[in-house]
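Next up: just one chain, as structure tokens, the form predicted on its own.
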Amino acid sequence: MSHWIVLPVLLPAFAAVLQLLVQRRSLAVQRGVGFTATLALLAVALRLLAEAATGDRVVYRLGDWPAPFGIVLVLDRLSALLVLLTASVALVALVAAARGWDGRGRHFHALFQFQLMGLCGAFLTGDIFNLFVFFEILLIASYGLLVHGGGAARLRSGFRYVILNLTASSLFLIALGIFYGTTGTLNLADLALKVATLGAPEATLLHAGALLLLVVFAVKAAALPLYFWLPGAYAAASAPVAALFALLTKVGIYSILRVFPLVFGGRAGALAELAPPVLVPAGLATLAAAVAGVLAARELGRLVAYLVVASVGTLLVAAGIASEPAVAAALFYLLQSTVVVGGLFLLVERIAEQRGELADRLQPGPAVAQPGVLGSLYCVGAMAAVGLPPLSGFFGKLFVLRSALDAPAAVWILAVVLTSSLLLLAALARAGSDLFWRAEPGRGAPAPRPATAAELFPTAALFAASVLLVVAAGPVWSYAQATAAQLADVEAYVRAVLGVPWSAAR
């Protein structure tokens, strides 16, 4: 049994503990431990991606207890891809934080590593209870990271963030109780078997539990009407933390893609295909609300935060279509939207530093010290976020729209996605005009200094990743298609985890 699969959980956990032990000695030591652990995580993620690319699922049984009685981690194409995305974004965010943000409060590096532990564990677990456990780990860490550096705005946003997510965690526990009470198991593979054999009374109860679970995942993903915590929280967070937080909503999307097709797929009897009819209208409504937020935003940070909500809406639509091409499109779009939004959050800080007292407010002010560099980066990020060719956002939305052509709600999907893209383009163009073209010399404090190459590197690296997705669009799309096909093969998942074919397991 290969032990590589457990390293994305253990590496950040051990690094966080070590950083807590040395925190009184030197910030440089904490940084060294953090960078070493994150680089090692990236190397492990590449190793796991290569292993998953063969098409085989790798099951790791902790303590060698057989499923469904023991804890299992499951490596497949989807989990390997998201662990790699997590490690890549985390490394860039850590580089940005080392420019000074990590020294503005205590425990930053330990919380950062615990965040990575929760993210990687959520992507790898094969047990819905441990999905809850890893949710709590990453959320507790995110509470601390959100308020890192202090300030009234962060505390207010953090309070709302904590209250809503604690409520969602309570609902998650209630849903788990319903699942366990009706099926006697919380292992995902075993649930797929048990749900298909439930009688009418138990199926009715589990239907309520499944809808409750869908609400929980919608909160984590920031879907309408449960997204209101996100814009304020992400806009208030420090730039490196906000870049890392671009991954948090993707955990909710991942959970929907993982749990509902597996447990409530075509073999689930009366509970089959429970989520898709809800996801498409929820996604379209979320996208429309996000566009309204972008149009109304008066600060660049809040505008970018609403772009996160817009990406969630698009992903929910693709998940609701539920075909293999739609799931593949969702995965491609998930990759590009994460790196682009992360880069935009880092760019907001660079722009705000050069606008004096106006910071990131979207109104004419003093000219920035580097209009060419910052304006070019903004243009790349805006084009990718909206979905203009030739950047990766165009391919992501194109794949989603193409997969929607055969959907029952195809007209609505095409109309909302295309109209929202046009309105987002108008809003981002207006914001760019206020920031770079309508400069009013003499307003606000003078720009302190131009950003150094090291300060611009994290933003450029994430935007370069978006460009790389265009260059490697063929292989990435092929991988996404293979991942979607693997997700649809429920029998193979059950066989890999339980060790017996579907028919024998039943």
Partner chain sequence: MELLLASAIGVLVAAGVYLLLRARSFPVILGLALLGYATNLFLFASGRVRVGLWPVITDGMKEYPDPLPQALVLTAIVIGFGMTAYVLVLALRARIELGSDHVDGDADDADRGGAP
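Numbering follows the first chain given and starts at 1. Computed from a predicted model, the values in this text were never measured in an experiment.
The protein also exists as the form predicted in complex with its partner chain; that form is not presented, and the subsequent description refers to it.
Screening 291-299, 310-318, 244-252, 129-137 for residues having heavy atoms within 4.5 Å of its partner chain in the predicted complex returns a single hit, 129-137. Of the residues given (F436, F394, Y180, W101), Y180 alone sits with a heavy atom within 4.5 Å of its partner chain in the predicted complex. A single residue from the set V162, A285, A369, L423 has any heavy atom within 4.5 angstroms of its partner chain in the predicted complex; that residue is V162. In the predicted complex, at least one heavy atom of G144 sits within 4.5 Å of its partner chain. Under a 4.5 angstroms non-hydrogen atom cutoff, its partner chain in the predicted complex lacks R430 among its neighbouring residues. Although the partner is absent here, R106 is not a contact residue: none of its heavy atoms lies within 4.5 angstroms of its partner chain in the predicted complex. When its partner chain is considered in the predicted complex, L211 lies well away from it, no heavy atom lying within 4.5 Å. Each of L155, T167 and L186 places at least one heavy atom within 4.5 Å of its partner chain in the predicted complex.
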